[in-house]
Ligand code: GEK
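Given as structure tokens, the chain that follows is alone and in the form predicted alone.
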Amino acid sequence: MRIVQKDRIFAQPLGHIEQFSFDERVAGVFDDMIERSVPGYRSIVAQTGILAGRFALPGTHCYDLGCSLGASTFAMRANLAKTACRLVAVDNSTAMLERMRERLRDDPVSVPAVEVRNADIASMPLEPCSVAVLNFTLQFVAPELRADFTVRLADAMVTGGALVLSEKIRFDDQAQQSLHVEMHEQFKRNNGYSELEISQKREALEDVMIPETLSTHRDRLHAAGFSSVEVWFQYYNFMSLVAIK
């Protein structure tokens, strides 16, 4: 049984707060961090696997883009055993991928095989795919690169394929923005994070994770060539949508 290390990265006052990065420290506590920080994360991951099983087509790639420790990859794998597709997990963090490879070695499910790639999703070549998953990944891609990346992803996707896109979002309506930020921070307090941890992590993420509005996501996906875009999950300022090619 895997022991989950508790996230204490921001528990003590830091004289200088560095930009957040998916380094070895984060990789070591990521399971705990994301579970306590992202409302509905476990449900999103589980349903990602089911959606992958629904849309995957034989002879195509199924991508987990920004796979971190592979939670979505494993959920997808569990639903793709009967589909002759190629499952590819991609991340640019060496620390994350090292731990993911350890988990793959211990995974009782072996079909389909998982190809693990250390790459930048914004510039890597994309092969014909029927499923692509971006679970809390696009928000870490530089805003000026997002439109081009989305077009390339849509171009690589076969007709009838689907993208699962999960993101933290912001709201144009300031009352809604304030409410959802407040509720998200209360969610973190309820999960044991202190005011110091919340504020220091917020500062570390400020110029690294840049959320957008739901309308921005919809417009970009439609412009890239996805014919149908709809939200299937939302919990405060975290949502997941399905975009069908």
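Position 1 is the first residue in the sequence shown; the rest follow in order. Predicted, not measured: the structure shown is a model, and the values here were computed from it.
The same protein also has a form predicted together with the named molecule, omitted here; what follows describes it.
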Sole residue of M100, L80, A162, I121 within 4.5 Å of the named molecule in the model of the complex, by heavy atom: I121
Selected contact from I169, C129, V88, A71, since only one has a non-hydrogen atom within 4.5 angstroms of the named molecule in the model of the complex: A71
Any non-hydrogen atom of V45 within 4.5 angstroms of the named molecule in the model of the complex: yes
Proximity of T137 to the named molecule in the model of the complex, heavy atoms at 4.5 Å: yes
Residue contact check: S93 to the named molecule in the model of the complex, 4.5 Å heavy atom: yes
In the model of the complex, V141 touching the named molecule (heavy atom, 4.5 Å): yes
In the model of the complex, segment of 189-197, 61-69, 213-221, 173-181 with a heavy atom within 4.5 Å of the named molecule: 61-69
Within 4.5 Å of the named molecule in the model of the complex, all of W232, Y235 and M239 (non-hydrogen atom): no
The named molecule in the model of the complex - contacting residues of 5-37, heavy atom within 4.5 Å: F22, F30, I34
